[in-house]
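Shown next as structure tokens: one chain only, the form predicted on its own.
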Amino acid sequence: MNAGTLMDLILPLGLVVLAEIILRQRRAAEAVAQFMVFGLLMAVAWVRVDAPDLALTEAAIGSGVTGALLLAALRRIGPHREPTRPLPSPARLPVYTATLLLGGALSWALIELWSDPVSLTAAVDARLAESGSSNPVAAVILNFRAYDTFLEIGVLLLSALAVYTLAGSRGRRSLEEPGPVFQFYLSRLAPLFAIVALYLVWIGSRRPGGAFPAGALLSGVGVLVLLGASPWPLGLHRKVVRYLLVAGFGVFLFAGLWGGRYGAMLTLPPEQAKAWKLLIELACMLSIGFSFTVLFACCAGWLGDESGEGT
């Protein structure tokens, strides 16, 4: 089975799963579980098309962190009630049929694209030396389409600031204190995950990696810390919290303005590009990981929990 065939199978499957979530409407937890399974299937698809960095990001964010966000929100809003008028079985057939037809049309479009692909690989390879990176993916994300990545970091910052606005009063943690086994592994795995995240940033200029997979890994560590016995306080009045939230956007903006001296914003000379890209990715890794941790804390109702002092 080649990569194209796998993607053709997974896309209709995802649409069927989505239709099942809409039609059944039985338990919200079941819908979240199906969403997380679909995220894992997409991660497998990215591995099959030789994109392990995107596979790691999909598994960590699309399935792991997003699934945790949905489960935390579900726990906060309370038990899900059964619909008073579930959709009758005969009415489901047209929805399934339309879903399969849409999936078939999208699969046909993908087949047509792969049969006559329009590739920019040669254009990227021709200017790879100017990007400050030997990894084409990193070159595209942080150089050739840096504006897109810059705006993505900005959207993430706005999302984090929005949840502080919506958080309201202090949250109350109602979970039981974790046992010694959880605390034992957390104290040893958290430093290890931090080292792996730094490695992903360092290797990202040459091989699959970069700020987004590293930030996703850090966000997983953040969620585990929040579930621990002594969760880190996330009050916006704390300086370190503000610094971590704006680090990625701020460094990216400064790099863009610095590049303006050489002709246009986010245009860096080749001799400086590598150092700037490493600095940008380190800052973005911190902001991505911390922002997702803040989003999880808000969904769980813990954002205002100020157990602890200091900055």
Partner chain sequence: MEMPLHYLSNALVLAGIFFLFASALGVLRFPDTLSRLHALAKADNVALGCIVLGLMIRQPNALLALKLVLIWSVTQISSAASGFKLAQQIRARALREQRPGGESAP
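Numbering follows the first chain given and starts at 1. Since this is a predicted model, take the numbers as computed values, not measurements.
The same protein has a further form, the form predicted together with its partner chain, not shown here; the description that follows concerns it.
Only one of D125, E112, D148, E177 comes within 4.5 Å of its partner chain in the predicted bound form through a heavy atom, and that residue is E177.
Here is the short version: of F144, F182, W202, Y164, the single residue with a heavy atom within 4.5 Å of its partner chain in the predicted bound form is F182.
Within 4.5 Å of some heavy atom of its partner chain in the predicted bound form lies at least one heavy atom of L192.
Taking the partner from the other structure, its partner chain in the predicted bound form has a heavy atom within 4.5 Å of a heavy atom of L227. Proximity to its partner chain in the predicted bound form, taken as heavy atoms within 4.5 Å, picks out 182-190 from the listed stretches 130-138, 208-216, 95-103, 182-190.
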